[in-house]
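Take a look at this single chain in C-alpha cells; it is the form predicted alone.
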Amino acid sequence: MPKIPVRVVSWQEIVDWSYGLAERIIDSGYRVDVIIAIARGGLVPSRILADRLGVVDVISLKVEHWVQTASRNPEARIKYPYSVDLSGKNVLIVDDIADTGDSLILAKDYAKRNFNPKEIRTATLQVITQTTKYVPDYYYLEVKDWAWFMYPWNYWEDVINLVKKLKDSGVNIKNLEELKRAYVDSYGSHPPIDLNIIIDEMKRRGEF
C-alpha cells in the first residue's frame, strides 16, 4: 500500500464534476446570488459553477489549512479578513473537497458574522465521509477512503512537495529512475508532470 495514496484528477473530471454539482444545486431550487470561493482550492470550481448557474458575483476567502501537500495546520484560519454587506443575498460557499470540513466550517461562520447574508449554503466537488466533521449541503462525489486528490491547478506544487517528502524521508535514491520508482511505490500513482522537468524546476527554485 502507498504511504500516501495520491489520486491524480484531470481537467475534464473537474469540468464534469462541476457541471454535475451545478445540476444538484439547480434541482434543489436554491437560487445563488453570490459565490464565495475558498481560496485556493475552491477558485476554479467556483468559476465553473458561476458560469453554469449564471452567477455574476464571485468573491473569495483565503483559508489556510493545508499548507503543504498532505500536511495541514492544526487549525484553519482566515488569512486576509475583511467585511462586505451581502444583505438579502443567497450565498454559496465553494471548496474543492471536504476532507476535515474545517475550512467550510470556518468560512461559513466567518461569512455569517461579517457578510450578513440572507442564507448560506455550502458545496464541494467531493466529500470524504470517513474523515470530515462537516458534510456540505451539496457535493458531487462521496469518497469512502482518504486519499490526497491532486487537482490540475496543483500539479506543480503537489509533485514538488511529494518529491521533497521522499528526499526528507531518508529513502536512498541514486538516480532519476530510482526516484520514479520510489514515487510510484510511495504514492500509488504516476506524476502528471515528468520528474525530469520537476527536478529542473526545483533546481531553479533552489529546492534541489
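Worth saying up front: this structure is predicted, and the values here are computed from it rather than measured. Throughout, we count residues from 1 along the sequence that is shown.
What comes next is about the form predicted in complex with adenosine-5'-diphosphate (ADP), which does not appear here.
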Determine whether any heavy atom of V44 comes within 4.5 Å of a heavy atom of adenosine-5'-diphosphate (ADP) in the predicted complex, and answer yes or no. no
Contact between H65 and adenosine-5'-diphosphate (ADP) in the predicted complex at 4.5 Å, heavy atoms? yes
With a cut-off of 4.5 Å between heavy atoms, is L179 one of the residues that contacts adenosine-5'-diphosphate (ADP) in the predicted complex? no
Flag G101 as yes or no: does it have a non-hydrogen atom within 4.5 angstroms of any non-hydrogen atom of adenosine-5'-diphosphate (ADP) in the predicted complex? yes
Heavy atoms within 4.5 Å of adenosine-5'-diphosphate (ADP) in the predicted complex: which stretch among 23 to 31, 49 to 57, 145 to 153, 168 to 176? 145 to 153
Could you list the residues in 83 to 98 that come within 4.5 Å of adenosine-5'-diphosphate (ADP) in the predicted complex, counting only heavy atoms and keeping sequence order? D95, D96, I97, A98
